[in-house]
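The form predicted on its own is given below as one chain in structure tokens.
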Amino acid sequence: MSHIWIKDKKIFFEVEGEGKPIILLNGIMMSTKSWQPFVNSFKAKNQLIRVDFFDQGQSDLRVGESYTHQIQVDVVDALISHLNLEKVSIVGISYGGEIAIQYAIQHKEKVDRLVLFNTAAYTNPWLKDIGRAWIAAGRTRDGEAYYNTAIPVIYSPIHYETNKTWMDNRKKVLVPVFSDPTFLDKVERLTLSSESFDVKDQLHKIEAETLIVAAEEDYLTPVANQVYLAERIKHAHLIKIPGAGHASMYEKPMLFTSLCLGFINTQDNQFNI
């Protein structure tokens, strides 16, 4: 466990394992701890790097500030420079995928492979209004109201129903978190930081081999969002996961791990067949 300073603000990160470096970029409500179930597999043959963006986990807050995604893109670049890495592979899900796309556009020479789960090229009106609903629920300071607004739609209906005991236990853990004004305020800032996100006209700049993963029951960033990316990123490969929602890595953990590690660690980009 360690941290770097960006001006007067602290960014928390963890580095484990040896080998080809992989950076995992969090979804909007996630932190470095959210990846714990995957750590053993990811660090077995790779250098695994986890990082909390500003307003996440153990990194510093931006109380009273409004900002765009650019500050998080700069976090990734500062961390890569701090670790003296020439090239990295990046795995991002949702919010983290959006930061990953922007990093690959701005620093294409530093990105080896890019893996994007449940990611879009811009914040469309659908997603913006969902974010506004989260904000409205958060301002009530009612943890159960926030949970019921934000969490069910993250999962596929079949996962939610067939894992009801797990979901009920998850609710017991999350409702106190969602009752914390500090947490709600930082997620509001993160949500607002996404409203201006739009890289539709820049996707052609990405040079990295890119795996784009869609989940067929994702109701936050539906499959059409990932198809859009795949049609505009030069070296894109599209996979659709049936029976999974926006939290695809939790619903299909074996598949998530296999797709990431298999794609990143495949030695060749071209095959003579």
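None of the values given here were measured: they were computed from a predicted structure. Each residue number is its position in the shown sequence, starting from 1.
Below: the form predicted in complex with another copy of the chain, not depicted.
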Given 77-85, 145-153, 92-100, 186-194, the stretch touching another copy of the chain in the model of the complex at heavy atoms within 4.5 Å is 145-153
Hey, in the model of the complex, does Arg132 get a heavy atom within 4.5 angstroms of another copy of the chain?
yes
Taking another copy of the chain as it sits in the model of the complex, is Lys45 in contact with it (heavy atom to heavy atom, 4.5 Å or less)?
yes
Quick one: does Arg113 come within 4.5 Å of another copy of the chain in the model of the complex, counting heavy atoms only?
yes
Mark Thr266 yes when one of its heavy atoms lies within 4.5 Å of a heavy atom of another copy of the chain in the model of the complex, and no otherwise.
yes
Would you give me the residues of 251-273 that have any heavy atom within 4.5 Å of another copy of the chain in the model of the complex, in order from first to last?
Pro253, Met254, Leu255, Thr257, Ser258, Leu259, Leu261, Gly262, Phe263, Asn265, Thr266, Gln267, Asp268, Asn269, Phe271, Asn272, Ile273
